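Shown here is one chain on its own, the form predicted on its own, set out as structure tokens.
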């Protein structure tokens, strides 16, 4: 005998199945079309280039569950079981379709035994286990990140469980009633059939099999038809969002064509988003992972990355009369809401100004939702179209416009830090030969605490015999704070000034101790023609140590913990170099905070926050300082001037009596190097 089975055993009126299936496809197709039509109101953007790279990322992040398994691995693994369980069951259904409806008899022999029987039994059982874990997580443990609890979430999981259980019941009853000689290859179904056979007669088993078969069919088809109208849509939108994610540098924001008359200066309405932005809204699975590392959310600011996306989603669905944002004015009709400015009608201004642009939400999101670019897009509208932004930031902007740096009231010049040092200023020696340009940055030149870091870097370069130069008075702010708060016009003005200066001196390699300057020059200046080799000082110093040009010696013992700056780590994947520099110093015992590397918590200094006063919730720098102090280290090492300022203030406030120093890695290395 050839191993196989009868597909429609004990079933009559199979033609009704095809009618139901056709109706299901119509309902499903119409639902998908409605969503697709909404996404099309967004502006065009190219997101299907570099297809090979996109497909590799899609496989890693969708079926591979790369991000889901990196944090909360228990629930991630449960989702993996559900995902692959359904993949196998779907493929099993395809085999049945080919065998029975196309009359290509492949469901027999080894394929029937190994795949259609054994593999589907195992995958179905594992899928049930995954669903059970998910139900416990939502209904019993009630993880805070999964709130609010919605009936749909439970209904979806119960529906999946019903589909799986009824499938095994149908299989078990068939195995018993047909005395299937291949029953051993379907261990779960066989066991289920034996249980029912113990209590029911054969006629009753036949009736139960027929009723369960039709019930299973109706539940499955209803489930498929419901997909585009529920959270289940992420089955389609999540892979689509992952496939079309931004493949440009992580730290580069989209460019606004400020010369084009009809181009929107930011995002004021849904139509100003790109179609990918609108797809993101429907891709969100409400898992709450974007909140777990959000410094604003963790300190009770009026920002939840999850709810920002969900409120925008509700506004998008108001386009078709299907919803409204949680912050929306109840007096505004859905139609009016769809045409109203987003900030005010859907989101509050303080929600946008709570973001530090640290990128933790994007890093954690398993479906590639791009939160930060949306926030900055809406900030652009507030700043450039409505001129509505916090007074603290207005002072910063006026200083950038008038003085080329963001520090109003500062009297220091850009060359005060170099007193007593033999540093080449290119304006004084335009023909001087140099190995690298040291980009000092506004904080490194004008902030008294950060000046000591710049001096340490310069002294280390001198000790290593590095020929370096600086722009001195010709250096301007890179424009990072202007761009992050949404003042794209000012950013582009500063960027073009700096690019012109750098090109005039034929600069090719730049070293900077500021991750914000590093990110902007490396990832955003190429948008305007500025092409340079840019390295962070931690990378350059690590190379000098490795080459033997710097030889640190023992200077006593110190327990050191390193804080990963957002714009160095998450945005540019520089994690190992600063640690290698610290490890090269004899006597340094390095310890890691619980939240480190890609999961590091922002100090609260990015996105313009260094120039704003926190008026709500607890201070972000105090939250991060507590985590670092919990390591027991007596030195907190940093690689960013903003982190230096924020964490010095945070540690003094949290533990005023603690003998803990906040130091840049260059200072630690310089002290140990003759």
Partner chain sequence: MHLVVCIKQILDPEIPPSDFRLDSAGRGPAEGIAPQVISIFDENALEVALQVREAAGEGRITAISIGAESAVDALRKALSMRVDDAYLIRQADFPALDTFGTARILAAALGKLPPADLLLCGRESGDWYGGQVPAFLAAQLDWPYTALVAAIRKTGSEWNLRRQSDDGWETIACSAPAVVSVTNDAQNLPRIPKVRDNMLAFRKTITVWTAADLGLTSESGCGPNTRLKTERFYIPTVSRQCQMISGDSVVQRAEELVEKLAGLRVI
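Numbering follows the first chain given and starts at 1. Quantities reported herein were computed from a predicted structural model and do not represent experimental measurements.
Below, we refer to the form predicted in complex with the partner chain, which is not included among the displayed structures.
- In the predicted bound form, no residue of the candidate spot (72, 144 and 161) has a heavy atom lying within 4.5 Å of the partner chain.
- At the 4.5 Å threshold, heavy atoms of residue 487 reach the partner chain in the predicted bound form.
- At the 4.5 Å threshold, heavy atoms of residue 258 reach the partner chain in the predicted bound form.
- Interface membership of residue 210, defined by any non-hydrogen atom within 4.5 Å of the partner chain in the predicted bound form, is ruled out.
- In the predicted bound form, residue 398 approaches the partner chain with a heavy atom inside 4.5 Å.
- Site annotation in the predicted bound form: the residue of 89, 427, 218, 410 reaching within 4.5 Å of the partner chain with a heavy atom is 410.
- For the candidate set 384, 183, 456, 128, a heavy atom within 4.5 Å of the partner chain in the predicted bound form is found for exactly one residue, namely 384.
- Only one of 433 to 441, 384 to 392, 300 to 308, 193 to 201 places residue heavy atoms within 4.5 angstroms of the partner chain in the predicted bound form, namely 384 to 392.
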